[in-house]
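Only one chain is given next, in structure tokens, and it is the form predicted on its own.
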Amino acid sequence: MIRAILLVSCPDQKGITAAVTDFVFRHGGNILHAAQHTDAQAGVFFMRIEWDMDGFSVPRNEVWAALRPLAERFRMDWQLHFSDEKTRLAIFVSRHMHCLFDLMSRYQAGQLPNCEIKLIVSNHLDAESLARQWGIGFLHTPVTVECKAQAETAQLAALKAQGVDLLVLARYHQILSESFIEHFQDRIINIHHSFLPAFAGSSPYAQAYEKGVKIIGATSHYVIAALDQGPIIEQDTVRIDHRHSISDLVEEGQDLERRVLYRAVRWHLEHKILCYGNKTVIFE
């Protein structure tokens, strides 16, 4: 069964839901899921609607044109996707590979829907043998201050050659340049521990241990030019106490990072996220 997925954001006004659902009904579509949200403070309406294309009277390649009058009427920003379209991923990683292992195991188990992992990119060689083992291309691009521009040029060329749609930074310890990010707006997902900015630097868990924190967490977000300031997709926390050692904190933190990154990537693949301002709407 092929499903159409429509994501909408527009100024809030009467009749939007009725108009969209009537469009699906008039053309013989069966609505499978529908969710909406209104940000009353911003005056913005959001909607995600999914319907079965079996028996839908508008041919798939004409749905976009058929929706255009409706979109213009309500001044919509909108996306249209189909469930059989595969998103092509590239995973960027440095030397901490727990998130990479988790994503790959879920990918092989079929838990990352409608996607194809095309490439693993790293500034180190640690993941190369694993990429080969998994049958996935590997690109090694050492990054220094002197060669950062050349490294990003090589990365962009490889991503273009593979037709990559989504980048996942699975603990990639390099800051992407603004010009690089512009190629993948709202299509780069990052993960980091939630101590930032309180415990920035190379040893956040040691700093947290010394401070005696009681909660640690992880945050996934879309990447923008401002470091770690992009729209937040998912967060999670776990309580800790005086019995936890630094290694315990690291283990708990890495487990959080795996889960939070997976949720963010899956929701993106399922077209359940809408960005507005510096926020996200996540549809169930």
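All residue numbers refer to positions in the sequence shown, first residue = 1. Because the structure is predicted, anything quoted here is derived from the model rather than measured. For the two forms, the rigid core is made up of the largest set of C-alpha atoms that agree within 1.5 Å on superposition.
Heads up, the form predicted together with a further copy of the same chain isn't pictured, but that's what we're talking about next.
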property: Close approach of K160 to a further copy of the same chain in the model of the complex, 4.5 Å, heavy atom; result: no
property: Contact flag, Y172 vs a further copy of the same chain in the model of the complex, heavy atom cut 4.5 Å; result: no
property: Interface membership of V8, a further copy of the same chain in the model of the complex, 4.5 Å heavy atom rule; result: no
property: Contact flag, I282 vs a further copy of the same chain in the model of the complex, heavy atom cut 4.5 Å; result: yes
property: Position in contact with a further copy of the same chain when the complex is considered in the model of the complex, options W78, F180, Y209, Y107, heavy atoms within 4.5 Å; result: Y209
property: In the model of the complex, residues of 129-152 near a further copy of the same chain [heavy atom within 4.5 Å]; result: Q133
property: Core superposition between this form and the one not shown, C-alpha change of N61 at least 2 Å; result: no
property: Is_shifted H244 between this form and the one not shown (CA, 2 Å cut-off, rigid core); result: yes
